[in-house]
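In the block that follows, a single chain appears as structure tokens, in the form predicted on its own.
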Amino acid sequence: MTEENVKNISAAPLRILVVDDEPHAAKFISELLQADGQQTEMAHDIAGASAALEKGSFDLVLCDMRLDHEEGTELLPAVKRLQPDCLTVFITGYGSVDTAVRAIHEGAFDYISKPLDLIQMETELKTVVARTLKHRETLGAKKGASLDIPINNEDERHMVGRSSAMISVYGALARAALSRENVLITGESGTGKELVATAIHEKGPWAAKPFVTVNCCALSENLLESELFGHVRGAFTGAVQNKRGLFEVANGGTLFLDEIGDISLSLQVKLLRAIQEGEIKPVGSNETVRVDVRVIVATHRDLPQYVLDGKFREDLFYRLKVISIQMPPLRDRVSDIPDLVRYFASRFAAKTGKPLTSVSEEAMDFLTHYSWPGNIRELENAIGRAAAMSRTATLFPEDFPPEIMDGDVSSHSPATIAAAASHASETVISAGESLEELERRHIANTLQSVGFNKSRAADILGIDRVTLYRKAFKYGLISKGGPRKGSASPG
């Protein structure tokens, strides 16, 4: 293919088939693509899309993952049969590891979220168009490798979430699972990094091979070295026999090193050699052992800053982050909290045999407004505590840890309560105002002065939390979704 032909291909608009069971959604996406200079056609089900593929030629199929009572992936065989060079990208608001993996496994080119706002949708579509144009430019030179990845639906634990942040994680995870390259998973403590590492191994072609994990911060330097590389008899006091290291145990599979940021510089040198050369030397031995291990590491540390500070080797850092996955904190995926709450509640119900059937709206409201500094781990523990404390089939606010229902427990000091009480006491009585109106304004002022911390407000007002909840709901100061806008205004 000549350079001039490539330029002509790149300049020509894409022919895009938009498949969505909601006509207005299909039209909206089509209009955005047309505004970008592309040509579109619409279909609303598998049959209509198949008919369009038989009649016309397309560069790209943009298909919703859920089509009424059909799965969008059911269209892939028709695309492969009728137009093998046409790319398929799934648009979905129903993200999960299995749907991402299945889409790629069955031949999808990409997998994007269904954004809620116009700007994000335009950005997503422009990205897809750019990738498709790039693919079309190189189509004559070589074909893309077929993706083949087994699916395991029997995980005891799995990731939950449909937010755009998690859909991005699923896509990266699915691609990492197909690769033998090292993976660096970063994110705050409790965000589920180990779960991602497990999924990468289990969703890949090497799932039947060993998956070995070790927490680097749980062991001393000498013990961790022995655990990773093994030792020979007599290497140190207590080494009464030869021991295989975890690199050797994981040979052919995956070794997951959690909290990699906590290992010493001297051990980093040995780890780099193992990864770079594919060989290890047991402690006390002069012999090397060849190993074939894919390494996945995780850390909540800021490794780039550690590199700058001289706490982490730069060469090892780049060896580890061939593929990088950033786990979002729970506060950045609030829309996933209801699904996570129901997931953990059902798990604890099955584990304990308690007949848990629901979480009250009021409790869910508190859970979605809490900042969750401990992320998913903290949420899981909170649900476990609530499940243990609950006396009914429904989880209520009083079943959860007080700090979650109260918000920031650090603001419960006598000094801050006294200051808030002083501010709240400034409510002015207006002539002709009823007692009920005065009470409403006083509660509104008090809630506003403490940032809507209900426990602190109840302390200042001299009433219990249940009474405060009842009065706040009665006066419209608290809605199902949190404080009402302007509800705390004293006027």
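Numbers for residues come from their place in the sequence shown, where the first is 1. Source: prediction; values computed, not measured.
Quick note: we don't show the form predicted in complex with a small molecule, though the next part is all about it.
By the criterion of a heavy atom within 4.5 Å, residue 294 is excluded from the residues contacting the small molecule in the predicted bound form. Although the partner is absent from this view, residue 384 stays clear of the small molecule in the predicted bound form, with no non-hydrogen atom inside 4.5 angstroms. The small molecule in the predicted bound form is not approached by residue 180, whose heavy atoms all lie more than 4.5 angstroms from it. Using a 4.5 Å cutoff between non-hydrogen atoms, residue 191 counts as a contact of the small molecule in the predicted bound form. From the list 317-325, 159-167, 80-88, 119-127, the contact stretch for the small molecule in the predicted bound form under a 4.5 Å heavy atom rule is 159-167. When the small molecule is considered in the predicted bound form, only one residue from 212, 404, 340, 133 comes within 4.5 Å through any heavy atom, namely 340. This chain is displayed alone, yet in the predicted bound form one of 399, 380, 110, 225 has a heavy atom within 4.5 Å of the small molecule; that residue is 380.
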